[in-house]
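The chain below stands alone, shown as structure tokens; this is the form predicted alone.
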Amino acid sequence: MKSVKWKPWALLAPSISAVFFLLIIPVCFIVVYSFWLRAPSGADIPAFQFGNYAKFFADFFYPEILLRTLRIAFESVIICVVMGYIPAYFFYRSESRFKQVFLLLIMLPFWVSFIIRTMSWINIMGDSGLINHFLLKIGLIQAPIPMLYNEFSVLMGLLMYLLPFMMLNIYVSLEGIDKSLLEAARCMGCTEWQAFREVTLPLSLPGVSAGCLLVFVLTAGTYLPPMILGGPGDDMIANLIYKRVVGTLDWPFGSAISVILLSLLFVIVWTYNRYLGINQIFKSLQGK
């Protein structure tokens, strides 16, 4: 009887051990490092003080980057919802025999390195890239249009990275909806738009909210698109952490910034769980 009770824990032991040693322990090290002192000589001195956190909020330069990160994250969420819902709904309603092929195309970007996908925008939006080359060729412009190294190009890189996550979350949620509910709505006299507004859209909201949370968290923690496609004033909070830890080897201050970002994301996830429930993320998977 005792062996039966221990079997689930034995099966969970590898995954729990991986989470503990690869996630919890490193985060604990970062929290501890955030209280250390950075000596003028460059050495890290063990201590317990809040100087690194005070340094972050003493100069508006650092909170400004954090606010920019949150703004870009919200912009990415809104654009991904608008651009992701329409194709996901199309795949849900489609009866085409090529439906599985279309779904495979959504997942195709995951097969290519994120770095390569991000750098490909240089060949698309650069001065000698595809767009400028085409516009020059047909005579619409006389000189290349500067499209890189600004917030717009950063958003393009983020959208290419995040849009598949949003589309798949919405599609899975839509697939969990019983299509007989739509037929019942039509029998009650609803038009296509009314059936969508009253039945499909509310039932798909768990997938939308899950996609929004995932896109927001991934955007807040990414650093490649701003680093490759952004300009000097387009750094996000992850770029600041990277420069502090890797560029200047200031582990205490970089760790403090990491803890601030982690705490902010924790508050956002807690708020999501408080009003929507984390279980809503998995509801679409249980629809069928």
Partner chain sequence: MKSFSPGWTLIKLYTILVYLFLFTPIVVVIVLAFNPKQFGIFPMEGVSLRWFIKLAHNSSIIDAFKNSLILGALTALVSTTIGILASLAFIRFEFPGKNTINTMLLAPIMIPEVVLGVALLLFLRFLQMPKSFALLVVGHVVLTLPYVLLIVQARLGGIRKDYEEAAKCLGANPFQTFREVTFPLLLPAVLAGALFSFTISFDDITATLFWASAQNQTVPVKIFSMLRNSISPEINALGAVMIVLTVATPLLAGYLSRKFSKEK
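All values reported here derive from a predicted model rather than from experimental measurement. Positions refer to the first chain, counted from 1.
The following text describes the form predicted in complex with its partner chain, which does not appear among the structures shown.
Chemist: Would you mind picking the one in A73, M167, A185, L174 that has a heavy atom within 4.5 Å of its partner chain in the model of the complex?
Modeler: By the 4.5 Å heavy-atom cutoff, the listed residue in contact is M167.
Chemist: So which of L205, I106, L181, C190 reaches within 4.5 angstroms of its partner chain in the model of the complex, heavy atom to heavy atom?
Modeler: Looking at the other structure, the residue within range turns out to be I106.
Chemist: Though only this chain appears here, would G221 touch its partner chain in the model of the complex if you measure heavy atom gaps against 4.5 Å?
Modeler: Taking the distances in the model of the complex, the answer for G221 is yes, it comes within 4.5 Å of its partner chain.
Chemist: So, P144 and its partner chain: in the model of the complex, are they within 4.5 Å at any heavy atom pair?
Modeler: Flag for P144 set to no.
Chemist: At 4.5 Å between heavy atoms, is T69 in contact with its partner chain in the model of the complex?
Modeler: T69: no contact with its partner chain in the model of the complex.
Chemist: T271: heavy atom within 4.5 Å of its partner chain in the model of the complex?
Modeler: Contact with its partner chain, no.
Chemist: Heavy atom within 4.5 Å of its partner chain in the model of the complex: which residues of 248 to 269 meet that condition, in order?
Modeler: If the 4.5 Å heavy-atom criterion is applied to its partner chain in the model of the complex, 248 to 269 yields W251, S255, S258, L261, L262, L265, V269.
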